[in-house]
Each structure stands twice: as C-alpha cells, then as structure tokens.
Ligand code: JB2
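Coming up is one lone chain in structure tokens, specifically the form predicted on its own.
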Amino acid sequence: MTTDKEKIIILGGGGHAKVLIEIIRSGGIFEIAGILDARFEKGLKISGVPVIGKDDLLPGIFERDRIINACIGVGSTRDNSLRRALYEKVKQIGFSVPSLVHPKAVVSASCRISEGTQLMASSVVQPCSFIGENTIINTGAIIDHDCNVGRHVHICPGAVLSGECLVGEGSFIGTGATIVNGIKIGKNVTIGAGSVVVNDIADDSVVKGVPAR
C-alpha cells in the first residue's frame, strides 16, 4: 500500500513519544517511519511504531532514506537540556522539525507558533502570544493573551500563564503552576508543581510554593 504522506522520525520512545504518536496520527499529515532510542531493543514496538535503532542513524536516515522530518519525543522533568541537544543535533544535520498541534488544542489565529513546538490536547494559546522553538505546551496548559514563551521551555500539564507573561529560554513550569498577569520569568528557571508566582523570577532560579519563593 502506498501513501503520499511525508515521513517523520521520532527521537525518544518514552511516555512523551506515545503522546506525540497520537497527535501525529490524528493530524494525518505524516507517516511515522520509526523511533530512535538506545534504551530499547531494535524491533520493539511502542504504540505500534517500531524502534529502528539509535541516534547515530540520523545522518543516514536524512541522506540515504530521504526522510527530512524529525520530532523530539523526549519530555523533561525540570531539565530541558536533552531536548535542546537533540533539537540542535537534528537541525545541524538538516532535518525539519514541524510543530505538532493536537486537534483538540485551541490556538488563536493571531498567535505565533515556532518550529518544533508541541501543543497537547486541551492546551490553549490565546491571541497575540508567541511560542518559541522546541517548546512543549502540555495537556491542558493555558497561555493567555500577549505572552512570550521562549525556546526549549516546558509548560507542564494544567499550568496557567495569565496575560502578558514572559518565560525565558529553557525554563520549566511545573504541573498546575499559576503565573499571574505580567510576570517575567528568566532563563533556565524551575517552578515547582502547584506554585503561584506573583513576582518576577531571576535567571537560573528554582522556586516553589504559594506564593512561590
């Protein structure tokens, strides 16, 4: 059976990859060619998609197999550096990293979504917001109007950014955290789950609590 869908490769085969597999299938644009993950035996199927090897296959997949699309199937818990490294690796080879948006995400026509962004089910991005490259807006997270979210950020499930917030590159906003209107969060910041942020947060900080300290 032939298909005219473009092929895409997934880097990582954990829980985050399973979510992306469903998004890709629901979108109907890409055919998943396989998963690269050194932790799993070649041939193992994850949500029906075979593991075909490790990241060292990437140059051959791009040059020989002519697969030009990749997605980062690795999530993060506080540290986004692995996602960043994988994204930069595939971009250096020449891959395109398409944004992946669940059909039940709500995305304003006036917001800007960068390459590699992943918007999960029931996430919301409101008008005039910007989402940077390789950023996750996870299940049920809300980005309200006029927010600016940097590159390689993870907004975890159920987190809320009120209007006009800024989140710096590499930051991690924990599950169910709330950022009040107009707050500026620096680069590489970690905000604990359930925290309420009412003051600006400096670069490289770790904060938690209600209010977050």
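Start at 1 and count along the sequence shown; that's the residue number. The model shown is predicted, which means the values in this text are computed figures rather than measured ones.
Below, we refer to the form predicted together with the named molecule, which is not included among the displayed structures.
Contact with the named molecule in the predicted bound form holds for none of Ile23, Pro98 and His152, as no heavy atom of theirs lies within 4.5 Å.
Screening 180-188, 160-168, 29-37, 144-152 for residues having heavy atoms within 4.5 Å of the named molecule in the predicted bound form returns a single hit, 29-37. Checked against the named molecule in the predicted bound form, the residues Gln126, Ser114, Ser76, Ser122 give one hit for a heavy atom within 4.5 Å, which is Ser76.
The closest heavy atom approach of Asn134 to the named molecule in the predicted bound form falls outside 4.5 Å. Looking at Leu86, you'd find a heavy atom of it within 4.5 angstroms of the named molecule in the predicted bound form. Within this chain, Asp55 lines the site of the named molecule in the predicted bound form, having a heavy atom no more than 4.5 Å away. Interface membership of Ile9, defined by any non-hydrogen atom within 4.5 Å of the named molecule in the predicted bound form, is ruled out. Looking at 11-37, the residues that come within 4.5 Å of the named molecule in the predicted bound form, counting any heavy atom, are Leu11, Gly12, Gly13, Gly14, Gly15, His16, Ala17, Leu36, Asp37.
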